[in-house]
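Below you will find one chain, with nothing else, as C-alpha cells; this is the form predicted alone, and questions on how it binds or moves follow later.
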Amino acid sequence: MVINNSKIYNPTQHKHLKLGLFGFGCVGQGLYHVLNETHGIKAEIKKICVKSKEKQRILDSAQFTFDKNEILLDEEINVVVELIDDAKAAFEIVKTALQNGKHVVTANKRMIAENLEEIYHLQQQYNRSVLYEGAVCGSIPILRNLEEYYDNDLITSIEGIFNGSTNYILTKVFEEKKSYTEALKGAQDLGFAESDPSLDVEAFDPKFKLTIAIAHTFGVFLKPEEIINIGIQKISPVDLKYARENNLTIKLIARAYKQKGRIFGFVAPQFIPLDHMLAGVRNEYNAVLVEGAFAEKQVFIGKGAGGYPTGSAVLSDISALAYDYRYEYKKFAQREGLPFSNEALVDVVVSFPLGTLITPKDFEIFKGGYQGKDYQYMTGSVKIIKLKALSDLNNVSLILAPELNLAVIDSDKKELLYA
C-alpha cells in the first residue's frame, strides 16, 4: 500500500464490473471462455444481446436478449462489450453506451477506424473510456505500448503483418504448395476468414487497423479511404515462381512512416527475403515492427486471428477498466499535427500477361523489365496513389520490391527527397 497525494491507494483493490455483451460469435464465445477461466478479474456477463432467435447457442436462453435496451438502459451494467459485425450498428451502440454513462470495450476495427475522431471526442464529453486493443493485431498489446511505452519516443515508423487470415493463406501457398483457393477455404474452415473474405484478401481489414494505429503512433486521425490498400487476391503463379527462384516469400504488409514533415501509410503485398524477420511469421500470426529515435527497432509477434487470441485482448481491456485505465491519445495531445500524404514513391514489381497496356511511362522511375513465356515483368518507382490505379487493371499483379526505397516528393521543388 502506498500514500499518494494524501490519498490511500491499494493496488490490490479494483472495481467489480458488470458486463453487457453484444454479439456471441467467434470472439464473443472466446471472451466468455477466457473470462470464466480467469480468476484475477472481478467481472461477470449479466446479459448478452444477439440478433438471431433461431440460432442454437451453448448457454441457457435466459442469458440472452434480443432488445439492445436491456443492456444500454440497465443502470447495473457499467461496461458494454461490443463484438458484432455491423459497423454502423456498432457505432450506435458505442455512442449510446457512452451517453448512458457506460464504459465500452470493442474489437470492431472497421467501426473504430471510420469513427475514431468522433469516438475520441465522445470520450472527452462523457468522461468514459472506449478501449479497443483487440481491434488491432489480435493478441498483440500494441496500442497500449504505443500509448505508454512510446509516449515520449519519436516514432519514425510502424509496419508489419496486420492480418492473420492472409498470412495463413500465404503460408499455406508457399510452404504446402496449396492453391490460393484451397488455402482460403482452409482459413475459412478454421474461422480465420469470413465466408465473404474480401475484407481480408483485398486488404481492407489491415487498412482499418493501420488507420487506428496511426492515431496512436503519430496522433493523426484519418479516414480509412485516405489510405491505399492493395490485396493478395491477384497474386499469380508467376509471382510465386519469381519469389521461389529469388529466395523470397510474399507477405501483406501494412506500414506508416514519418518523413520530411509528413505521414505516409499504405497496405500492399511485398516480396520479403527469406532471412528477414517477417519471413518467419507464419500462419495466423501477426507481427508489428516499431522504430523510434530512442528505442530503435522493436518487434511484437502474436496470434492475430481466432476467438481466443482476440478474446484475450478484449479481456485485457476489461481488466484495465477495473483500474480506471483510458487511452490518453498522447501523440495527439502533443499537437504535432503532421499532414498525411500519398505524395511519395515506392519501388514495385508489376507482372501482367503480354498485351496488357502497361509501359515504362506508367512509372515515375523505370528500372527495367523482362519478358517470359506469355508474361512480362516491369520494375520501378511509382507514386503511392498510382499503386491503386495499376492494381485495378485486369490481370495485373503488383507487389512491392524486397528492398523498399521510400522517397518523398517535394511538391514545391518537384524533386525527390530520400530518407
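As the structure is a computational prediction, the values presented were derived from the model and not from experiment. The first residue of the shown sequence is 1; numbering continues from there.
Only in words, not in the display: the form predicted together with ligand HSE, which the text now covers.
- Message: Looking at Ala193, Leu315, Leu252, Ile272 here, can you tell me which has any non-hydrogen atom within 4.5 angstroms of ligand HSE in the predicted complex?
- Response: Of Ala193, Leu315, Leu252, Ile272, the residue with a heavy atom within 4.5 Å of ligand HSE in the predicted complex is Ala193.
- Item | Proximity to ligand HSE in the predicted complex, single hit among Leu146, Leu184, Ile214, Ala305 (heavy atom within 4.5 Å) | Contact with ligand HSE in the predicted complex is made by Ala305 alone.
- Message: The chain here is shown without ligand HSE. Which stretch in 230-238, 203-211, 97-105, 252-260 comes within 4.5 angstroms of it in the predicted complex, by heavy atom distance?
- Response: Among the listed stretches, the partner-contacting one is 203-211.
- Select from 163-192 the residues with a non-hydrogen atom within 4.5 Å of ligand HSE in the predicted complex and write them out in sequence order. Asn163, Gly164, Ser165, Phe192 sit within 4.5 Å of the partner.
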